[in-house]
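One chain comes next, on its own, written out as structure tokens in the form predicted on its own.
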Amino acid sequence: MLKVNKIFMVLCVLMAFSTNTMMQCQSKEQAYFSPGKLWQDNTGTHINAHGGGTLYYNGRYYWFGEHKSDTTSSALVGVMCYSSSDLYNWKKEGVAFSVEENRNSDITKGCIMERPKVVYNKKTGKFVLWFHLELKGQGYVAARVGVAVSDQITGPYKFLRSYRPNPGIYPANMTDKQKKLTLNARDYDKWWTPKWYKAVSDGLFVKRDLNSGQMSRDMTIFVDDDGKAYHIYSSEENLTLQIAELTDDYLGHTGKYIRIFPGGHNEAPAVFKKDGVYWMITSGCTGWDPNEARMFSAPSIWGPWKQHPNPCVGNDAKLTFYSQSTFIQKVEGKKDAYIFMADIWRPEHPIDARYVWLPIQFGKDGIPVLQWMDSWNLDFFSLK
């Protein structure tokens, strides 16, 4: 009996030590960013919020992103939410928006749910979630945008609907001559020719999708200083970016939209505004493989937009440091402080995708620059 009690006491000590060690690991805080490395939340688990974006609200940042699984990028859970007061250490808030078991639902388990972005509407007091949606079993054919709403920032978000934006409406910057052209996609089965590029520029796919609404894939939501919100997305078979105005409640589209850089093959838009200039960083379209970032600017959200050289400099700049843009977050309380957020995709093991957060630097001409850093913290902005 004595021997058994001694064994029991030893086991208790070991369990207490193990529990204490685990708690220390879970509560260990950091004060720096390590791009490309495992990034643990408060439970000691790699953050699972891919292709996402952040929202600053009531003194905390909230990070929303795709929940990835071990073997698939299809949505088996939904959109995750994490919160932080310092951008380094993140508390797992849980699933903010869940897929549904109903097989007839647009967001049934196994659909594709990407690029979730949450914005707060000051007029309605609601939090609105927008995301790219592909219907289960249809690959990337549906090309829809989905919208959900919640009274609480951490959710749960209620799914409202999915659709293609602006059916029956031509872009505001499409000329009357272009609108009158007769263009049929079946007449252009050979892509990438000068004739095809001209047709794309003139609205070949806009006309094809006019009745059903415009295709919407990789996307972001940008809220301007005046409270107006805009949906920016890859459209027209990922060949053209479109910028569409949202209604005042952020729950739909007003019907006003433009197309920019037709045939440019841009996706993964990330937008910010500095000193009255709108900046957008995108990627090319190479699937899960990294490519060279693109950058654009405009004096108004409606343009005219012009292209700049790749903002990345240094080693691996032509591969955007093996990552793809997803969002740009302004650091509250610091002047001209913006963080470029990107993902390093790992399609063979989606849950292990990594995050690249880098400070946006500005050259003498005010042009944004991205340079790799193995480690950095927010003091970087104070040293400039």
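Numbers follow the displayed sequence, beginning with 1. The structure presented is a predicted model; accordingly, all values stated were derived computationally and were not measured.
Although not depicted, the form predicted together with beta-D-galactopyranose is the subject of the following passage.
Note on the interface: of 286-294, 255-263, 271-279, 95-103, the segment with non-hydrogen atoms within 4.5 angstroms of beta-D-galactopyranose in the predicted bound form is 286-294. For residue 320, no non-hydrogen atom is located within 4.5 Å of beta-D-galactopyranose in the predicted bound form, even though that partner is not displayed. Although the partner is absent here, residue 88 sits far enough away that none of its heavy atoms falls within 4.5 Å of beta-D-galactopyranose in the predicted bound form. beta-D-galactopyranose in the predicted bound form is not approached by residue 117, whose heavy atoms all lie more than 4.5 angstroms from it.
In the predicted bound form, residue 140 approaches beta-D-galactopyranose with a heavy atom inside 4.5 Å. For the stretch 210-238, the set of residues having any non-hydrogen atom within 4.5 angstroms of beta-D-galactopyranose in the predicted bound form comprises only 218.
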